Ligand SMILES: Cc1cc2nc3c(=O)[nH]c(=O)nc-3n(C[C@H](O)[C@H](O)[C@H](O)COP(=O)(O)O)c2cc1C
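A single chain comes next, written as structure tokens; it is the form predicted on its own.
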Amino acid sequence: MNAFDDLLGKRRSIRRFRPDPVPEAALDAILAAVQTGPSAGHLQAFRVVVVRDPGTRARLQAAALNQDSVGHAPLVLVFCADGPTSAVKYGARGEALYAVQDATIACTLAWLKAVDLGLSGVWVGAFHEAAVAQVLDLPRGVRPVALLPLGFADELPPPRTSRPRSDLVIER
């Protein structure tokens, strides 16, 4: 196995975090990793909202169906699709799809870099979009697509088994 395979093996969905803050250098490295990702037309049609404030995290938790990980993680990154930026070049498809893809690629890279730095996280997709947008005062056309609570793990669940590759891959 190589280092990347090792990294993938370490990633887990962690929902309980220690209260220790995420070091600023780690956050900088995570955000730098996000900027390296591929995006449609290299427009980087996404935004990342960094949420440290406990009150804002509590409001995000309420908007995310009261999931504890959102309110209790010391840091939450909110990945947003910037539809208007993508629409300039790609029209409606860019706004509805490419910007969402850009944001989800960015979230994946952030999570993997966090794991590489000894942090943990969980992808949160269950939330009321309008409520999250309101909590964060997002600009028109910028919509949240993923919340990524991050911190130092306070649990270590066992690895999960994956569906068989034959269920996931279609060859033609």
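Keep in mind it's a predicted model, so treat the numbers as computed, not measured. Residue numbers run from 1 along the displayed sequence.
Absent from the display: the form predicted together with the named molecule. The rest refers to it.
- Note on the partner interface in the model of the complex: the residue among 118, 141, 54, 125 having a heavy atom within 4.5 angstroms of the named molecule is 125.
- Annotated contact segment (heavy atom within 4.5 Å of the named molecule in the model of the complex): 125 to 133, selected among 54 to 62, 23 to 31, 125 to 133, 39 to 47.
- The closest heavy atom approach of residue 163 to the named molecule in the model of the complex falls outside 4.5 Å.
- For residue 16, no non-hydrogen atom is located within 4.5 Å of the named molecule in the model of the complex, even though that partner is not displayed.
- Contacts between stretch 47 to 84 and the named molecule, counted in the model of the complex as any heavy atom lying within 4.5 Å, involve 67 alone.
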